[in-house]
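The chain that follows stands alone, in the form predicted alone, written as structure tokens.
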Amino acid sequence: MTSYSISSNLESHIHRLATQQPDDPLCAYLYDLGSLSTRIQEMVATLPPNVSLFYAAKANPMPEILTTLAPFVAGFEAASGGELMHLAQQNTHKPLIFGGPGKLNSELKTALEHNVDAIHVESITELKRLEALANALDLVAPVYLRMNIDIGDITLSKLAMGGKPTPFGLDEEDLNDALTLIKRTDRIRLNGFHFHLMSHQLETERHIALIQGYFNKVKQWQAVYQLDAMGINLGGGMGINYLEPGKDFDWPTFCQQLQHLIVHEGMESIPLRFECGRFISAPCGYYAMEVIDIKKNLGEYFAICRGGTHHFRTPAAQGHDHPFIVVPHQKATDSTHAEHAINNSLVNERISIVGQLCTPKDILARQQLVQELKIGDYVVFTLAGAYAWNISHQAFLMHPEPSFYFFNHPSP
């Protein structure tokens, strides 16, 4: 799989957008659907034969993203009733799986009525409520039991949903009760186990060790509880390196290691699946902000830009300085931009990139070195295709939304 890179025609699209809204400085999300299509095809082609790849819609549920991915992924994962309905409305004709803690009865009912491929059950209470709903609807609920297990000396990644006390999944001590309930009813069909213990994983060897732990644990349960062979959802969590772009989780190497592990553990006939989000869509998105002011305050420079963390919460949520590039404003013909270019230009200086919000936390990158920056230029944040617009506090201060632009549409 080729490493992602900046779209070659990104600058032309930014300039085109700027000319379409000349009254105000530019603020826009841009999505390269061609690169997204290429990326997902390469990811799927590299997988071992018995492994399928689902897209976790919470990363970016925009219809254009889903439509681009639909021909190549095995299906889509929803983590709420709202996401489930949204996915159903896209008519992708692909299987849907439904997970997440705290599911409402109304959401479980929706999942059953939409004939989802699997419901990831998080607790004994949820399992009992699902049984009652399935009985009332005269349906059978297909489930994967989400498990939180002890992972021993495998180091957790920066964001852990398991391997330590968390709200996610069943404790292994509850497994006997869950299986007893399932065996006594014909309304629950156990199709497998679901594990998703960590995200932001950058090390393939550590992730392989984690999956080997999953395999061993499922084999142990099959022996103890006399279970038939069943599927395993291996979760996701492959990381994007925001601090050193390009040094991400090595997907091709990981898939090679996974194939060796599958053969070594005799898992070739077991249906395995991943549900990835960030790793799939993050590289296809860009968030562009036009510089509207440059100022020096107590010895530090600040570029105040159109937009902010209410549009692009990723750097605040992750606690990092987000990578960006500077796209120079095209040679200005109006006197306003000409004056800015002359009087407000920094060369080889460190500067913080901030937005328009009335809070000192509205910082997207702190004291980063720029070769040149002037008012009217565009600061373009890369890796903005996942957990970006959809996780942001969009209504704060009631600033207008950014523009949304999709380019390099793949051929049908």
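All residue numbers refer to positions in the sequence shown, first residue = 1. Small disclaimer: the values here were computed from a predicted structure and weren't measured.
Separately, the form predicted in complex with a small molecule exists; it is not shown, and the next lines address it.
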Name the residue from A384, L36, A56, I353 that puts a heavy atom within 4.5 Å of the small molecule in the model of the complex.
-> A56
Would you kindly say which of P142, P315, G237, G231 lies with a heavy atom within 4.5 Å of the small molecule in the model of the complex?
-> G237
Within 4.5 Å of the small molecule in the model of the complex by heavy atoms, the stretch out of 219-227, 181-189, 268-276, 247-255 is 268-276
Hey, in the model of the complex, does H196 get a heavy atom within 4.5 angstroms of the small molecule?
-> yes
Taking heavy atoms and a 4.5 Å cut-off, does R146 contact the small molecule in the model of the complex?
-> yes
